[in-house]
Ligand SMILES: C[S@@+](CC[C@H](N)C(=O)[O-])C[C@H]1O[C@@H](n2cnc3c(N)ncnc32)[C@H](O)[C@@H]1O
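One chain comes next, on its own, written as structure tokens: the form predicted on its own.
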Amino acid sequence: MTGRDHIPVLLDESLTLLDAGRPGVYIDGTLGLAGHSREILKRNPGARLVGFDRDEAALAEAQRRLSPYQNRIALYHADFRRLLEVEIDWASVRGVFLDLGMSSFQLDDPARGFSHQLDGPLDMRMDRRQHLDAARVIDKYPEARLADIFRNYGELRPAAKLARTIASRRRMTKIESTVQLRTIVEEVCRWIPQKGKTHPAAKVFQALRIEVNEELAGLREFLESVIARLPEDGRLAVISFHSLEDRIVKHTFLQAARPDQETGRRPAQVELLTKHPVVPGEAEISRNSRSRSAKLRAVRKQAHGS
């Protein structure tokens, strides 16, 4: 993969909201190919980076890309929710960043099974050390649980019908490939390609990916913990790519920006830096179509909330 292949989403907007020119520690909880973090280190000689990613291949590539700054980085092969277990001088932290989207590095590799457009195994594990993959979900989960996943994580209307069809088909043959699953989805949803219309398999694959990687589990608690630890004027910025994640980020930030109305004892912890999410402009979308659904939200820690 070349540098041209990875285009960090909302790069300048993210660095502006993080106020990333200040010397100190910046934490990237979803390092990916280090597009945002590399720019912080490049533009700010006083910046140090603590980075996390549970995708070993992505982390190795990020390590290579950040090699010019190796004396200013510490990288961990771990989920961002493990960040709170690492010893960090939070008084030195200036910003925490999460990009909750998939990278082209992952989507464009058929062997990873993330894309319904490519023929590959039903894997979808971000951390390939874990046992649960998408094939196991499709093969082993009860029909009712599959329906809940498709409905709650994919917001798919014929969720029950799709789960019923999968339960029937898997009794005859194992469903192990992305193409097998996509074909079933097309049949159940009576898919006819139309310009501007999202393929229903995109929703199904999103749902399975969320289940396999527990993408929503503990996100709110993590954001709350980071907000509690940030020093005065510390920033927290999050890019999300689907409504389920964005809803959690939005509500967590809103709650932290309000005083505790029940007791009146706790003032607002943060100031909202984005009353509405920042989204890509037409120029960025034309350069990188995968940025289309990105939403960036950010907060700044208040002095009396620290």
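All residue numbers are counted from 1 along the displayed sequence. Because the structure is predicted, anything quoted here is derived from the model rather than measured.
The same protein also exists as the form predicted together with the ligand; that form is not shown, yet it is the one meant from here on.
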*Options 149-157, 75-83, 88-96, 165-173; stretch whose heavy atom lies within 4.5 Å of the ligand in the model of the complex*: 75-83
*Is there any non-hydrogen atom of Pro200 lying within 4.5 Å of the ligand in the model of the complex?*
no
*Wondering, does Gln106 line up within 4.5 Å of the ligand in the model of the complex on heavy atoms?*
yes
*Is Ala135 close to the ligand in the model of the complex, meaning a heavy atom pair under 4.5 Å apart or at it?*
no
*asked:* Does any part of Leu49 reach within 4.5 Å of the ligand in the model of the complex? Heavy atoms only, please.
replied: no
_Among the candidates Leu181, Leu100, Ile227, Ile210, the residue which, in the model of the complex, approaches the ligand to within 4.5 Å (heavy atoms)_ = Leu100
*the ligand isn't shown here, but in the model of the complex which of Thr30, Ser240, Thr252, Gln269 has a heavy atom within 4.5 Å of it?*
Thr30
_Contact set, 33-49 vs the ligand in the model of the complex - heavy atom within 4.5 angstroms_ = Leu33, Ala34, Gly35, His36
